[in-house]
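Next up: just one chain, as C-alpha coordinates, the form predicted on its own.
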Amino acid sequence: MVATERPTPPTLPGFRLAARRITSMPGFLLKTTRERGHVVRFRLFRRYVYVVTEPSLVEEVLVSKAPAFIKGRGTQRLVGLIGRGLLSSEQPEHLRNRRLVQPAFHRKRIDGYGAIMIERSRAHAAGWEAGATIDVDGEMNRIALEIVSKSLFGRDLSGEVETVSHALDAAFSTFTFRMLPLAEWFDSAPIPPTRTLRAARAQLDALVYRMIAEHRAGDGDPDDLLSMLLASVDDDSGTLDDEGVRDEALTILLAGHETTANALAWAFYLLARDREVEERLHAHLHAVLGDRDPTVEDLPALDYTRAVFAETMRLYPPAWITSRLARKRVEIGPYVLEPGDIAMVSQYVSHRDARFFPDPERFDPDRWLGAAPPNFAYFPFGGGNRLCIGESFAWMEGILVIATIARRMRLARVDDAPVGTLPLVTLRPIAPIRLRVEPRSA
(Lines give C-alpha, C1' and ligand atoms only; values in the text may rest on other atoms or scores of the structure.)
Protein backbone atom coordinates (compact mmCIF):
# COMPACT_ATOMS: atom_id res chain seq x y z
CA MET A 1 0.00 0.00 0.00
CA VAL A 2 1.40 3.38 -1.01
CA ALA A 3 1.39 6.04 1.73
CA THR A 4 -0.45 9.23 0.88
CA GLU A 5 1.83 12.24 0.96
CA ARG A 6 0.70 14.90 3.40
CA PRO A 7 0.11 18.41 2.05
CA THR A 8 2.35 21.21 3.29
CA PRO A 9 1.31 24.83 3.65
CA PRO A 10 3.23 27.70 2.06
CA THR A 11 6.63 27.67 3.77
CA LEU A 12 8.84 30.72 4.36
CA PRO A 13 12.36 31.01 5.79
CA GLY A 14 12.39 31.51 9.52
CA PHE A 15 14.47 34.69 9.42
CA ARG A 16 11.47 36.53 7.98
CA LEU A 17 9.70 35.91 11.27
CA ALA A 18 12.63 35.96 13.70
CA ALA A 19 14.11 39.20 12.37
CA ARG A 20 10.91 41.20 12.75
CA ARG A 21 10.74 43.99 15.28
CA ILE A 22 8.00 43.29 17.77
CA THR A 23 6.12 46.46 16.81
CA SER A 24 5.81 45.28 13.21
CA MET A 25 4.79 41.72 14.01
CA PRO A 26 0.95 42.08 13.87
CA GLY A 27 1.08 43.82 10.49
CA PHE A 28 3.60 41.32 9.14
CA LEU A 29 1.50 38.31 10.15
CA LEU A 30 -1.63 39.94 8.73
CA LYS A 31 0.05 40.70 5.39
CA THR A 32 1.58 37.22 5.19
CA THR A 33 -1.68 35.36 5.77
CA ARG A 34 -3.56 37.58 3.31
CA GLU A 35 -0.97 36.86 0.63
CA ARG A 36 -0.18 33.21 1.42
CA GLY A 37 -3.31 31.72 2.95
CA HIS A 38 -4.89 30.77 6.24
CA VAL A 39 -2.12 28.38 7.23
CA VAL A 40 1.48 29.49 6.69
CA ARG A 41 4.61 28.04 8.24
CA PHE A 42 8.12 29.31 8.93
CA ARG A 43 11.14 27.05 9.22
CA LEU A 44 13.17 27.78 12.36
CA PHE A 45 16.20 25.51 12.61
CA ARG A 46 14.73 21.99 12.53
CA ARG A 47 11.25 22.99 13.64
CA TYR A 48 8.33 24.84 12.10
CA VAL A 49 6.11 27.64 13.29
CA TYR A 50 2.60 27.28 11.85
CA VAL A 51 0.52 30.48 11.71
CA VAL A 52 -3.09 29.28 11.75
CA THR A 53 -6.04 31.58 11.03
CA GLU A 54 -8.69 29.23 9.57
CA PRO A 55 -11.38 29.16 12.31
CA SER A 56 -11.93 25.39 12.24
CA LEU A 57 -8.19 24.81 12.62
CA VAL A 58 -7.87 27.43 15.35
CA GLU A 59 -10.52 25.45 17.19
CA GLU A 60 -8.48 22.28 16.79
CA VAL A 61 -5.41 23.98 18.27
CA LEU A 62 -7.24 25.51 21.23
CA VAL A 63 -9.95 22.93 21.89
CA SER A 64 -10.20 19.51 20.25
CA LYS A 65 -6.44 18.88 19.93
CA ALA A 66 -5.44 20.96 22.96
CA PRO A 67 -4.06 17.99 24.95
CA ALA A 68 -1.35 17.59 22.30
CA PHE A 69 0.05 21.03 23.14
CA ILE A 70 1.53 22.97 26.01
CA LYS A 71 1.76 26.73 26.41
CA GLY A 72 4.15 28.48 24.08
CA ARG A 73 7.38 30.26 24.81
CA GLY A 74 5.78 33.64 25.51
CA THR A 75 3.75 32.31 28.43
CA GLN A 76 6.63 30.18 29.67
CA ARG A 77 8.82 33.28 29.88
CA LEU A 78 6.18 35.02 32.02
CA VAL A 79 6.84 32.57 34.84
CA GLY A 80 9.72 34.76 36.00
CA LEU A 81 7.18 37.48 36.81
CA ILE A 82 3.88 35.82 37.73
CA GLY A 83 5.02 32.38 38.86
CA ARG A 84 3.05 29.24 38.10
CA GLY A 85 -0.51 30.37 38.55
CA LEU A 86 -3.54 29.82 36.38
CA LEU A 87 -2.12 31.51 33.28
CA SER A 88 1.24 29.75 33.13
CA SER A 89 0.66 26.31 34.68
CA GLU A 90 0.19 23.06 32.76
CA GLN A 91 -2.00 20.06 33.47
CA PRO A 92 -2.77 18.74 36.02
CA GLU A 93 -1.80 21.88 37.97
CA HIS A 94 -3.85 24.08 35.65
CA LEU A 95 -7.05 22.16 36.38
CA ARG A 96 -6.38 22.38 40.11
CA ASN A 97 -5.69 26.11 39.88
CA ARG A 98 -8.84 26.72 37.88
CA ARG A 99 -10.96 24.88 40.45
CA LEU A 100 -9.47 27.01 43.21
CA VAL A 101 -10.17 30.31 41.46
CA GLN A 102 -13.52 29.43 39.83
CA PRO A 103 -15.82 30.23 42.80
CA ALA A 104 -14.79 33.89 42.69
CA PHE A 105 -16.17 34.09 39.14
CA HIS A 106 -19.51 32.42 39.80
CA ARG A 107 -22.32 34.31 38.08
CA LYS A 108 -23.95 35.44 41.32
CA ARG A 109 -20.67 36.83 42.62
CA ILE A 110 -19.91 38.62 39.33
CA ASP A 111 -23.28 40.35 39.46
CA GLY A 112 -22.28 41.68 42.87
CA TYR A 113 -19.11 43.21 41.44
CA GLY A 114 -21.14 45.47 39.13
CA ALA A 115 -21.74 48.08 41.82
CA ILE A 116 -17.99 48.43 42.35
CA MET A 117 -17.42 48.84 38.60
CA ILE A 118 -19.98 51.63 38.37
CA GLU A 119 -18.84 53.40 41.56
CA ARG A 120 -15.15 53.44 40.56
CA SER A 121 -15.96 54.69 37.04
CA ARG A 122 -18.20 57.41 38.40
CA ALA A 123 -15.62 58.53 40.97
CA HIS A 124 -12.85 58.87 38.40
CA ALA A 125 -15.04 60.62 35.82
CA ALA A 126 -16.14 63.12 38.47
CA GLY A 127 -12.53 64.21 38.84
CA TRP A 128 -12.04 65.07 35.17
CA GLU A 129 -12.55 68.78 34.54
CA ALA A 130 -14.32 69.93 31.40
CA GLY A 131 -11.76 71.03 28.83
CA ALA A 132 -8.93 69.08 30.46
CA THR A 133 -6.82 66.66 28.44
CA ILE A 134 -6.36 63.25 30.05
CA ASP A 135 -4.27 60.19 29.28
CA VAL A 136 -7.12 57.76 28.78
CA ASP A 137 -4.94 54.66 28.93
CA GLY A 138 -3.58 55.74 32.31
CA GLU A 139 -7.05 56.54 33.63
CA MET A 140 -8.47 53.21 32.47
CA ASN A 141 -5.53 51.45 34.10
CA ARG A 142 -6.37 53.09 37.42
CA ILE A 143 -10.07 52.30 37.16
CA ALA A 144 -9.47 48.67 36.19
CA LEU A 145 -6.91 48.07 38.95
CA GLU A 146 -9.21 49.52 41.58
CA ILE A 147 -12.10 47.40 40.31
CA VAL A 148 -10.24 44.09 40.36
CA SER A 149 -8.52 44.74 43.69
CA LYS A 150 -11.73 45.78 45.45
CA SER A 151 -13.90 43.11 43.82
CA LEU A 152 -11.62 40.09 44.19
CA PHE A 153 -9.28 40.98 47.06
CA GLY A 154 -11.38 43.32 49.17
CA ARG A 155 -8.64 45.95 49.06
CA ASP A 156 -8.52 49.56 47.93
CA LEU A 157 -5.31 49.77 45.92
CA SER A 158 -5.91 53.29 44.64
CA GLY A 159 -2.76 54.37 46.45
CA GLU A 160 -0.75 51.58 44.82
CA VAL A 161 -1.68 52.25 41.19
CA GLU A 162 1.61 53.92 40.33
CA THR A 163 3.60 51.14 41.98
CA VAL A 164 1.78 48.41 40.05
CA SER A 165 1.87 50.32 36.76
CA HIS A 166 5.57 51.11 37.09
CA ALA A 167 6.42 47.51 37.94
CA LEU A 168 4.35 46.15 35.07
CA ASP A 169 5.82 48.65 32.59
CA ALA A 170 9.32 47.72 33.72
CA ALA A 171 8.64 43.99 33.46
CA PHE A 172 7.09 44.31 30.00
CA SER A 173 10.07 46.38 28.84
CA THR A 174 12.22 43.24 29.24
CA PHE A 175 9.86 41.00 27.27
CA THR A 176 11.48 41.44 23.86
CA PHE A 177 14.87 40.48 25.27
CA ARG A 178 13.45 37.54 27.21
CA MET A 179 11.92 36.14 24.03
CA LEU A 180 15.26 35.98 22.23
CA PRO A 181 16.72 32.53 21.54
CA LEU A 182 18.83 31.27 24.46
CA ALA A 183 17.74 34.19 26.67
CA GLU A 184 17.16 31.62 29.45
CA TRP A 185 20.92 31.38 29.81
CA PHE A 186 20.95 34.93 31.17
CA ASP A 187 18.11 34.57 33.69
CA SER A 188 20.57 34.58 36.58
CA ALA A 189 23.10 36.98 35.09
CA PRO A 190 23.34 40.51 36.58
CA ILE A 191 22.49 42.24 33.30
CA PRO A 192 20.02 45.14 32.93
CA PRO A 193 16.96 43.15 31.73
CA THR A 194 17.36 40.61 34.54
CA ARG A 195 17.84 43.29 37.20
CA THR A 196 14.81 45.18 35.88
CA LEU A 197 12.60 42.09 36.03
CA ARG A 198 13.78 41.20 39.53
CA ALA A 199 13.09 44.72 40.79
CA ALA A 200 9.61 44.67 39.23
CA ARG A 201 8.84 41.29 40.76
CA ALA A 202 10.06 42.49 44.18
CA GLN A 203 7.68 45.46 44.04
CA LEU A 204 4.72 43.28 43.14
CA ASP A 205 5.68 40.61 45.66
CA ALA A 206 5.78 43.16 48.48
CA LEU A 207 2.23 44.25 47.62
CA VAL A 208 0.76 40.76 47.29
CA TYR A 209 2.52 39.26 50.32
CA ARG A 210 1.29 42.21 52.40
CA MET A 211 -2.29 41.44 51.36
CA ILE A 212 -1.74 37.77 52.19
CA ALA A 213 -0.39 38.63 55.65
CA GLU A 214 -3.35 40.93 56.32
CA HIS A 215 -5.79 38.21 55.31
CA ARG A 216 -4.04 35.59 57.43
CA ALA A 217 -4.32 38.00 60.35
CA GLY A 218 -8.08 38.13 59.84
CA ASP A 219 -8.23 41.51 58.14
CA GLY A 220 -10.12 40.50 55.02
CA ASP A 221 -13.47 39.54 53.57
CA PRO A 222 -13.89 35.79 54.21
CA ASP A 223 -15.67 35.47 50.87
CA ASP A 224 -13.15 37.20 48.60
CA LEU A 225 -10.76 35.41 46.26
CA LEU A 226 -7.72 35.78 48.49
CA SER A 227 -9.54 34.25 51.46
CA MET A 228 -10.73 31.39 49.24
CA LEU A 229 -7.16 30.69 48.14
CA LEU A 230 -5.84 30.78 51.71
CA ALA A 231 -8.56 28.38 52.87
CA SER A 232 -8.34 26.06 49.86
CA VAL A 233 -7.39 22.44 50.29
CA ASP A 234 -5.70 20.51 47.49
CA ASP A 235 -6.15 16.73 47.37
CA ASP A 236 -2.44 16.08 46.91
CA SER A 237 -0.56 18.79 48.78
CA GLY A 238 -2.95 20.20 51.35
CA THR A 239 -3.44 23.95 51.60
CA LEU A 240 -1.58 26.33 49.31
CA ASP A 241 1.51 27.88 50.82
CA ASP A 242 2.07 31.63 50.58
CA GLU A 243 4.03 31.28 47.34
CA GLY A 244 1.20 29.33 45.70
CA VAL A 245 -1.34 31.91 46.85
CA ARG A 246 0.96 34.66 45.62
CA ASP A 247 1.18 33.14 42.14
CA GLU A 248 -2.60 32.87 41.79
CA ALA A 249 -3.31 36.28 43.29
CA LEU A 250 -0.71 38.10 41.21
CA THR A 251 -1.86 36.38 38.01
CA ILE A 252 -5.46 37.47 38.58
CA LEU A 253 -4.46 40.97 39.71
CA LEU A 254 -2.28 41.68 36.69
CA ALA A 255 -4.22 39.82 33.99
CA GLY A 256 -7.53 41.02 35.40
CA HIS A 257 -6.74 44.70 35.09
CA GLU A 258 -4.14 44.99 32.29
CA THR A 259 -6.27 43.40 29.57
CA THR A 260 -9.51 45.22 30.37
CA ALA A 261 -7.75 48.54 30.86
CA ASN A 262 -6.24 48.28 27.38
CA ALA A 263 -9.58 47.36 25.81
CA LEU A 264 -11.32 50.29 27.49
CA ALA A 265 -8.62 52.75 26.41
CA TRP A 266 -8.91 51.57 22.80
CA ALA A 267 -12.72 51.82 23.02
CA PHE A 268 -12.64 55.51 23.89
CA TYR A 269 -9.91 56.07 21.29
CA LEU A 270 -12.12 54.56 18.58
CA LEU A 271 -15.19 56.47 19.74
CA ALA A 272 -13.26 59.73 19.66
CA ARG A 273 -12.27 59.04 16.05
CA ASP A 274 -15.79 58.19 14.86
CA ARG A 275 -18.28 60.89 15.77
CA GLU A 276 -21.21 59.04 14.16
CA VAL A 277 -20.72 55.92 16.28
CA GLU A 278 -20.12 58.04 19.37
CA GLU A 279 -23.35 60.00 18.88
CA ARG A 280 -25.26 56.79 18.32
CA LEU A 281 -23.84 55.41 21.57
CA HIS A 282 -24.91 58.55 23.41
CA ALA A 283 -28.43 58.31 21.98
CA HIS A 284 -28.58 54.64 22.93
CA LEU A 285 -27.48 55.39 26.51
CA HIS A 286 -30.02 58.20 26.79
CA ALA A 287 -32.80 55.89 25.60
CA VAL A 288 -31.87 53.11 28.05
CA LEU A 289 -30.70 55.10 31.07
CA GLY A 290 -32.05 58.62 30.80
CA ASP A 291 -30.11 60.67 33.36
CA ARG A 292 -29.12 57.85 35.71
CA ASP A 293 -26.15 55.53 35.93
CA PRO A 294 -26.41 51.95 34.65
CA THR A 295 -27.01 48.97 36.90
CA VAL A 296 -26.34 45.28 36.42
CA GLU A 297 -30.03 44.87 35.57
CA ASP A 298 -29.52 47.16 32.55
CA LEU A 299 -26.95 44.88 30.90
CA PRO A 300 -29.40 43.07 28.57
CA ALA A 301 -30.68 46.42 27.26
CA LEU A 302 -27.20 47.86 26.71
CA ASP A 303 -26.79 45.93 23.48
CA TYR A 304 -25.15 48.74 21.52
CA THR A 305 -22.67 49.41 24.33
CA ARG A 306 -21.79 45.72 24.24
CA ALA A 307 -21.39 45.96 20.46
CA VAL A 308 -18.96 48.87 20.87
CA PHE A 309 -16.88 46.85 23.31
CA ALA A 310 -16.99 43.73 21.11
CA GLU A 311 -15.91 45.69 18.05
CA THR A 312 -13.08 47.28 20.03
CA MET A 313 -11.77 43.84 21.00
CA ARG A 314 -12.04 42.76 17.38
CA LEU A 315 -9.71 45.54 16.24
CA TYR A 316 -7.57 45.70 19.37
CA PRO A 317 -7.78 42.31 21.12
CA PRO A 318 -6.07 42.62 24.52
CA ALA A 319 -4.41 39.21 24.04
CA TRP A 320 -3.33 39.60 20.44
CA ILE A 321 -1.48 36.31 19.88
CA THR A 322 -1.35 32.83 21.40
CA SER A 323 1.13 30.05 20.73
CA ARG A 324 1.12 26.35 21.55
CA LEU A 325 4.10 23.97 21.52
CA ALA A 326 3.37 20.47 20.20
CA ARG A 327 4.47 17.89 22.77
CA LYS A 328 3.69 15.00 20.47
CA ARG A 329 2.85 14.38 16.83
CA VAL A 330 -0.53 15.95 16.07
CA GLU A 331 -2.70 16.51 13.00
CA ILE A 332 -4.23 19.94 12.51
CA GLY A 333 -6.54 19.70 9.55
CA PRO A 334 -4.52 18.08 6.73
CA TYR A 335 -1.20 19.11 8.25
CA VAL A 336 1.04 17.21 10.64
CA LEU A 337 2.95 18.96 13.40
CA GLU A 338 5.90 17.13 14.90
CA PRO A 339 6.98 17.37 18.54
CA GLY A 340 8.58 20.77 19.07
CA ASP A 341 6.66 22.49 16.29
CA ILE A 342 4.70 25.60 17.23
CA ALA A 343 1.09 26.44 16.37
CA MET A 344 0.54 30.18 16.49
CA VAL A 345 -2.94 31.72 16.41
CA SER A 346 -3.41 35.48 16.37
CA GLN A 347 -6.61 37.19 17.41
CA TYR A 348 -5.33 40.36 15.74
CA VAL A 349 -5.06 38.57 12.39
CA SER A 350 -8.13 36.34 12.62
CA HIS A 351 -10.33 39.26 13.63
CA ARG A 352 -9.44 40.98 10.35
CA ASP A 353 -10.55 38.15 8.08
CA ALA A 354 -12.64 39.85 5.38
CA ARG A 355 -14.65 36.66 4.84
CA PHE A 356 -16.32 37.23 8.19
CA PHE A 357 -15.71 40.95 8.78
CA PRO A 358 -16.19 42.92 5.53
CA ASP A 359 -14.10 46.10 5.37
CA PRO A 360 -12.19 44.72 8.36
CA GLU A 361 -10.32 47.89 9.35
CA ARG A 362 -13.55 49.84 9.77
CA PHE A 363 -14.88 50.40 13.29
CA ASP A 364 -18.45 49.13 12.93
CA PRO A 365 -20.31 48.03 16.09
CA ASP A 366 -23.32 47.11 13.95
CA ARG A 367 -21.47 43.89 13.08
CA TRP A 368 -22.48 42.59 16.49
CA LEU A 369 -26.20 43.35 16.26
CA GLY A 370 -26.83 40.59 13.72
CA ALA A 371 -25.64 37.04 13.18
CA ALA A 372 -22.48 36.05 15.02
CA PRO A 373 -19.36 35.05 13.05
CA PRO A 374 -18.25 31.39 13.06
CA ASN A 375 -16.65 29.97 16.17
CA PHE A 376 -13.02 31.04 16.43
CA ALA A 377 -13.26 33.70 13.77
CA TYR A 378 -13.55 35.88 16.90
CA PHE A 379 -11.96 34.72 20.16
CA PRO A 380 -10.67 37.62 22.27
CA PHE A 381 -10.72 35.45 25.41
CA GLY A 382 -9.10 32.35 23.92
CA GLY A 383 -10.91 29.02 24.03
CA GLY A 384 -11.05 25.50 25.33
CA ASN A 385 -9.81 24.68 28.81
CA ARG A 386 -7.67 27.80 28.62
CA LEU A 387 -10.64 30.11 28.06
CA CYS A 388 -10.10 33.21 30.20
CA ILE A 389 -11.71 32.52 33.56
CA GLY A 390 -12.63 36.19 33.91
CA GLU A 391 -14.49 36.50 30.59
CA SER A 392 -17.87 37.30 32.18
CA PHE A 393 -16.19 39.74 34.58
CA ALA A 394 -14.48 41.51 31.67
CA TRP A 395 -17.64 41.80 29.56
CA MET A 396 -19.56 43.29 32.48
CA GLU A 397 -16.74 45.67 33.33
CA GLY A 398 -16.31 46.86 29.76
CA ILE A 399 -20.02 47.55 29.26
CA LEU A 400 -20.59 49.23 32.63
CA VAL A 401 -17.46 51.42 32.52
CA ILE A 402 -18.19 52.62 28.98
CA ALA A 403 -21.84 53.29 29.82
CA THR A 404 -21.07 55.10 33.09
CA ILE A 405 -18.48 57.42 31.55
CA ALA A 406 -20.06 58.00 28.12
CA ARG A 407 -23.41 58.88 29.71
CA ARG A 408 -21.72 61.84 31.42
CA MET A 409 -19.30 63.17 28.83
CA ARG A 410 -17.54 62.67 25.53
CA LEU A 411 -13.81 62.18 25.25
CA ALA A 412 -12.74 64.04 22.11
CA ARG A 413 -9.49 63.66 20.20
CA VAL A 414 -6.89 66.36 20.66
CA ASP A 415 -5.31 65.87 17.23
CA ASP A 416 -5.64 63.65 14.18
CA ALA A 417 -2.47 61.64 14.74
CA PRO A 418 -3.26 57.92 15.03
CA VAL A 419 -1.89 55.94 17.96
CA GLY A 420 0.02 52.79 17.03
CA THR A 421 0.15 49.54 18.91
CA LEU A 422 2.82 48.07 21.18
CA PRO A 423 2.28 44.31 20.85
CA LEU A 424 3.99 42.81 23.88
CA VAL A 425 2.19 40.41 26.21
CA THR A 426 -0.92 42.50 25.59
CA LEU A 427 -1.79 44.97 22.84
CA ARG A 428 -0.93 48.28 24.46
CA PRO A 429 -0.96 51.73 22.84
CA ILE A 430 2.58 52.68 21.84
CA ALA A 431 2.04 56.24 23.10
CA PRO A 432 -0.45 57.77 25.55
CA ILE A 433 -3.98 58.15 24.22
CA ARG A 434 -4.68 61.79 25.00
CA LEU A 435 -8.31 62.89 24.80
CA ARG A 436 -10.14 66.05 25.85
CA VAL A 437 -13.02 65.97 28.32
CA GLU A 438 -16.11 67.65 26.90
CA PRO A 439 -19.67 67.95 28.24
CA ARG A 440 -22.24 65.84 26.47
CA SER A 441 -24.35 67.70 23.95
CA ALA A 442 -28.09 67.45 24.40
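One rule holds for the numbers: they count along the sequence shown, beginning at 1. These figures come from a predicted structure and were not determined experimentally.
The same protein has a further form, the form predicted together with protoporphyrin IX containing FE (HEM), not shown here; the description that follows concerns it.
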query	finding
Close approach of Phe393 to protoporphyrin IX containing FE (HEM) in the predicted complex, 4.5 Å, heavy atom	yes
Distance check, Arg201 to protoporphyrin IX containing FE (HEM) in the predicted complex, heavy atom within 4.5 Å	no
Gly244: touches protoporphyrin IX containing FE (HEM) in the predicted complex, heavy atom cutoff 4.5 angstroms	no
Residue contact check: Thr322 to protoporphyrin IX containing FE (HEM) in the predicted complex, 4.5 Å heavy atom	yes
One stretch from 216-224, 118-126, 258-266, 300-308 that, in the predicted complex, holds residues within 4.5 Å of protoporphyrin IX containing FE (HEM) by heavy atom	258-266
One residue of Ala406, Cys388, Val40, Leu29 in contact with protoporphyrin IX containing FE (HEM), assessed in the predicted complex (non-hydrogen atom, 4.5 angstroms)	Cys388
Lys71, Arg84, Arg280, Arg352 - the one with a heavy atom within 4.5 Å of protoporphyrin IX containing FE (HEM) in the predicted complex	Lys71
Partner contacts in the predicted complex for 200-224 (non-hydrogen atom within 4.5 angstroms of protoporphyrin IX containing FE (HEM))	none
